[in-house]
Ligand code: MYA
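Here you get one chain, nothing else, as structure tokens; it is the form predicted on its own.
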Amino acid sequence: MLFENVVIKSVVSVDPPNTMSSEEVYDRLESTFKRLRVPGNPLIDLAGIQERRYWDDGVQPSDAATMAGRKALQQADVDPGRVGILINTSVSRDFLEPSTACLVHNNLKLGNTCESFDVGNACLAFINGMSIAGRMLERGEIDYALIVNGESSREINETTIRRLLEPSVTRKQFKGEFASLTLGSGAAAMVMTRRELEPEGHAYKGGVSRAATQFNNLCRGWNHQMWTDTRSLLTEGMKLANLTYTAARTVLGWVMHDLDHIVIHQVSKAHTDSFISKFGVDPARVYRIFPKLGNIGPASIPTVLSRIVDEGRVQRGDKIALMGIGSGLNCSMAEVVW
């Protein structure tokens, strides 16, 4: 769907304070690497991930999302009472119920007329949240929307390391759980509104999505474990991305070399390099966060967007492509004109 009256007022990210390097992960798993004859350190050599971050003990996904949400509201200079919808897009959640959005809503002291709920769609959820909010804003149902995300990878990282230390672990199991070791933690948030309320806001033009759900078995995860067919996921994901890009060319009028910034969900070096090669993207237009943060799921796209804005890489009028592939498989591409 395309929008005429939807703008972004602020986009922010928050990095957890604690770091665990891939060298440390290798040291802890050295016996398994050697027994299975895994060469080098694939976390660095193949995935290109040097480290990932953790929140302090006791910090829940709702706490991380709250930090980002509060920062986004402050940067936008928006009274929390004017927020009409809060959408939490985290894969990580405090509980199965109530929704994590309820906890963030209470933490931020949003009004009782502000609706709140979680949206779950793997790594695409933040873009989905933007689309839902955009539709409500376009119709004039609300004045401001707050999209939040808080991811915490400590539990799955730690349980995966312990499991892979078992002497019965096979090479097949190691390959299936390897992607769990690339996961990182992070938080991000965005305030969206209508153009007439914030004329200087940055246009959210909307986007397109395509699905290939026959491949829903290529990545399946729980709080404590994730199994991934990384090779097939990359192959089929790139096919779906190509289909989605074809639609974006028609709907959004995209020509790749006309896009000033390509903001993609970043899984690893292999994924990012494959995307750049597939679409002939100038590598300089793809800002990379995976080396220091790992795969932070739905927080990845807004984190990259906030980084390039904060570092002064984006100029007024720049065309920014948001692109993501989520396990399932689903793919979304959207445009922001800054």
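Residue numbers run from 1 along the displayed sequence. All values reported here derive from a predicted model rather than from experimental measurement.
The discussion below concerns the form predicted together with the named molecule, not included here.
Can you tell me if Phe275 lies within 4.5 angstroms of the named molecule in the predicted bound form, counting non-hydrogen atoms only?
Yes, Phe275 is a contact residue.
4.5 Å heavy atom contact, Ser327 to the named molecule in the predicted bound form:
Close contact exists here: in the predicted bound form, Ser327 approaches the named molecule to within 4.5 Å, heavy atoms only.
How about Arg231 - does it come within 4.5 Å of the named molecule in the predicted bound form, if we only consider non-hydrogen atoms?
Because a heavy atom of Arg231 falls inside 4.5 Å of the named molecule in the predicted bound form, the answer is yes.
Is there a heavy atom of Ser62 no more than 4.5 Å from a heavy atom of the named molecule in the predicted bound form?
Flag for Ser62 set to no.
Counting only non-hydrogen atoms and a 4.5 Å threshold, tell me whether Phe174, Phe178 and Cys331 all contact the named molecule in the predicted bound form.
Yes.
Partner-contacting position among Cys114, Cys219, Met136, Cys102 - heavy atom within 4.5 Å of the named molecule in the predicted bound form:
Only one option qualifies, and that one is Cys219.
Please tell me which of Leu108, Met238, Leu252, Ile142 lies within 4.5 Å of the named molecule in the predicted bound form, judged by heavy atoms.
Filtering the options by heavy-atom distance leaves Met238.
Tell me which of 151-159, 178-186, 126-134, 81-89 has residues with heavy atoms within 4.5 angstroms of the named molecule in the predicted bound form?
Comparing against the named molecule in the predicted bound form, the contact stretch is 178-186.
Which residues within 268-301 place at least one heavy atom within 4.5 Å of the named molecule in the predicted bound form?
Read in sequence order, the residues that approach the named molecule (within 4.5 Å, in the predicted bound form) are Ser268, Ala270, His271, Phe275, Asn295.
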